[in-house]
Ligand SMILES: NC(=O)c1ccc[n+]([C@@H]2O[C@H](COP(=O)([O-])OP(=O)(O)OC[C@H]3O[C@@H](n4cnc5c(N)ncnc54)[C@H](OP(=O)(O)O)[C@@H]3O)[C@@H](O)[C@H]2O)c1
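In the block that follows, a single chain appears as structure tokens, in the form predicted alone.
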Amino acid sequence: MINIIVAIAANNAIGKDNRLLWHISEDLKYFRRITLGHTVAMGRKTFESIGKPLPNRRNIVISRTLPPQDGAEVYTSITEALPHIQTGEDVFIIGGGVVYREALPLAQKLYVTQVGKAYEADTFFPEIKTAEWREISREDFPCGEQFPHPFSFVVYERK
């Protein structure tokens, strides 16, 4: 099953200059808990910003220019990667903006950290259309241990 996991600011911002816009330790732990033991798929810029394959996960990188990588499979598109994904295998799309836009029509679930603040950004997540998605769970936080703004972990399922 194709899933998307993303943290989105109030204005749909997700990044600037190939970097995250915030540091929410609870979100990083959530990301790890949800994706551990599964396949993660990402674009080249996301892979380069992480700097290495994520441990204890199958790593797929979507790129037309990246050479083969130790610990990661490289495909030119999500469409090219799909035949290499086992039926029933959970795949988590983890960024960036171009890969999210390509994967959104294919996704069955969205794992969204909604950050209650708008940020200046150069990369945005597409609008989540309520006609296509229904919220199936939500966990709200007034702030993080070291993050002063509210955020929520929200899971959507395609209608």
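Each residue number is its position in the shown sequence, starting from 1. Keep in mind that what you see is a predicted model, and the values were worked out from it rather than measured.
Here the subject shifts to the form predicted in complex with this ligand, a form of this protein not shown in this document.
In the model of the complex, residue 64 approaches this ligand with a heavy atom inside 4.5 Å.
Using a 4.5 angstroms limit between non-hydrogen atoms, residue 132 is distant from this ligand in the model of the complex. A residue is said to contact a partner when one of its heavy atoms sits within 4.5 Å of a partner heavy atom; residue 20 meets this definition for this ligand in the model of the complex. This ligand is not drawn, but in the model of the complex it has a heavy atom within 4.5 Å of residue 100. Among the residues 91, 60, 94, 110, the one placing a heavy atom within 4.5 Å of this ligand in the model of the complex is 94.
Contacts between 73 to 89 and this ligand, taken as any heavy atom within 4.5 Å in the model of the complex, involve 76, 77.
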